[in-house]
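Let us start with two forms of the same protein chain, each given on its own as structure tokens and named structure 1 and structure 2.
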Structure 1
């Protein structure tokens, strides 16, 4: 990587760090490019040279906190990774790298909380995360006909959707005190349903 490219990458990261702080503090509506520029210590013109607009900036944050963490898994040769291993890797990445070690939950709060006023946020989230993630998993399922999955898109939706709903209920709606359902139990049962091992194994909580 050239010195210029390294500087551009560093500047982009600086802007995203500043933008994240502003979005989490003020929400989507309260965030402006002027505020981001001040937080990031750059000019507004510099921000526009990297990101087209506020929506593009928010999109990049979502991609960085979610989808980018999954990409490496799907670079593997699908014939070299068995379905159970892949699904467990996806679940592990989602829960440990995304949910536990990123700003995913606060960003999701913004998307849900402001989606009525800014429906483009909801579309942005589904297009960036859900749709692209489902497409990647659908392609994997199509490489494994032995799973006998008649509707790969629906199964991919069930897999990702179940994990997201667990996060919403447990982490955002404070369901941990009311529902004794660990994420490991959810993942184990999802894999049993998809891989077809239901009833053949038992898991501890």
Structure 2
């Protein structure tokens, strides 16, 4: 039975891998089960023996991607680090560990695009991904009153929201074709605004 179980989970992973390639490229409605079967290298009936239907497959896929990808992100200890270093490190983690992953942009696109058909996936995404860094930053602000941050949650929204909207505008909506603006400039100005330093270093230092 353990062998059978291993085979099952292997097939399941194989199906999910193929499904991810198709769903993230073509969206939910644009994806056919035939195409998933071909991409995964299994027959259609095999998919239906592991997942109830197309919706169930899609939910399992997005849920798994959301939870697996971001559970190890933003785990740093914020104490005993100066503010500029913390903000720069958070930006670095977001850009190098999240944005530079080739599946982040398509995943964000499909979560947004299908957020009306699958609202619970959208909520899962916001709760696991968006709130994580925000809570860490808010806690830091509350323990550092010398920064005189009036509204930590609003500042956290500004900090992460500026970076996310940069990704959407530049990478998702092809804004870089008509408007060149590097990550570093946004991060430097954010740090300049929040902690009042000049902020000329790169986020990747």
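Positions refer to the first chain, counted from 1. Small disclaimer: the values here were computed from a predicted structure and weren't measured. Here the rigid core means the biggest group of C-alpha atoms that line up within 1.5 Å when the two forms are laid on top of each other.
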Worksheet entry | Index of the chain form predicted together with the DNA, chosen from the pair | 2
Worksheet item: Hey, does residue 175 budge by 2 Å or more at the Cα between the two structures once the core is superposed?
Response: no
Worksheet entry | Shift of residue 53 between the two structures at or above 2 Å (CA, core fit) | yes
Worksheet entry | residue 191: Cα shift of 2 Å or greater between the two structures (core-aligned) | no
Worksheet item: residue 72: how far does its C-alpha move between the two structures, core aligned, in angstrom?
Response: 7.7
